[in-house]
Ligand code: CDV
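Consider the single chain below, provided in structure tokens and representing the form predicted on its own.
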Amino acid sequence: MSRKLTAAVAQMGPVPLADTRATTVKRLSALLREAASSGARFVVFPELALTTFFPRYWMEEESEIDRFFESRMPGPQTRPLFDLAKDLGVGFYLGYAERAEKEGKVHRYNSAILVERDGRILGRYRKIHLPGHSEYLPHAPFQHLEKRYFEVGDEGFKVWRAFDAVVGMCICNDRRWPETFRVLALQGAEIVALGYNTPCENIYHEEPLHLRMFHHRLSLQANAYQNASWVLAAAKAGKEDGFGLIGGSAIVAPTGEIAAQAQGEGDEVIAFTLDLELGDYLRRTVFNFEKHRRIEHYRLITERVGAREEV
């Protein structure tokens, strides 16, 4: 029996520092409506979709930092998006900054949630591969302080049964690490939802924009192919208060081919009907893990963090 799902990626243009949650949720709602009108039943929004990409700013006061975080999901300001999703019968992935309290201690994560078509939260992912730095870099053109504002995710890579498929989640820099996709694929992931905010400029070394975009697409396409998964990647794009984000939102097939991609740097919806049987075919043939993987030779992947010569 044919298994197909029409899904969409909702790219967002810049979210200025001065914008309110209410303004941003209205934008997300408009994108959700547009996706629904194209027949989509699942929509992927970007990383940190509710605010500007605030890790570019150095902040010291807890109250200043906390204004970018959500202590409840949904909360009063985000509830309209969940209500709309239920009315439209469309589920979504949403990236946001999560403030959690455990045993009286505050924890902050770069998180994403998976929401079903009836508005229920099915699952949560907390970003594991945090890029950037924690100290102030006085000579950098901007800061990239994810290691300062977020803890490493503590819930691992998981999958959920949703939209008549098996769905996994990751965030931004996770896409550059093949372990992300392989762990999800080993749990049967057919779709990987990914939100990201990638700066146009690398603050550590000179890297032209075309190469940053190439590496972005390479990560999506190689991991989609090698794990026989559909990858739905949603960007925040354009100039946020003068700081550029690369865009390049895309839907990538299990063959590694780009099935659909954004054309600009503003709010934009791209939709495509995913043939889930295409991934099934590849998992039975070229990437039949049970038949071809040789885990007895992969020990170093989990035993060693850094590379070192053995000769």
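Residue positions are given as counts along the sequence shown, with the first one as 1. These figures come from a predicted structure and were not determined experimentally.
Keep in mind that the form predicted together with 3-methyl-2-ureido-butyric acid is not shown, yet the notes after this line are about it.
Contact check for residue 180: no non-hydrogen atom falls within 4.5 Å of 3-methyl-2-ureido-butyric acid in the model of the complex. Although the partner is absent here, residue 217 sits far enough away that none of its heavy atoms falls within 4.5 Å of 3-methyl-2-ureido-butyric acid in the model of the complex.
Proximity of residue 221 to 3-methyl-2-ureido-butyric acid in the model of the complex falls outside the 4.5 Å heavy atom cutoff.
Contact check for residue 74: no non-hydrogen atom falls within 4.5 Å of 3-methyl-2-ureido-butyric acid in the model of the complex.
Contact with 3-methyl-2-ureido-butyric acid in the model of the complex, judged by any heavy atom within 4.5 Å, is made by just one of 167, 85, 237, 172: 172.
Checking 79, 120, 176, 161 against 3-methyl-2-ureido-butyric acid in the model of the complex, a heavy atom within 4.5 Å turns up for just one residue: 176. The candidate stretches are 152 to 160, 190 to 198, 229 to 237, 93 to 101, and the one lying within 4.5 Å of 3-methyl-2-ureido-butyric acid in the model of the complex by heavy atoms is 190 to 198. Of the residues in 127 to 149, those that come within 4.5 Å of 3-methyl-2-ureido-butyric acid in the model of the complex through at least one heavy atom are, in sequence order, 127, 131, 144, 146.
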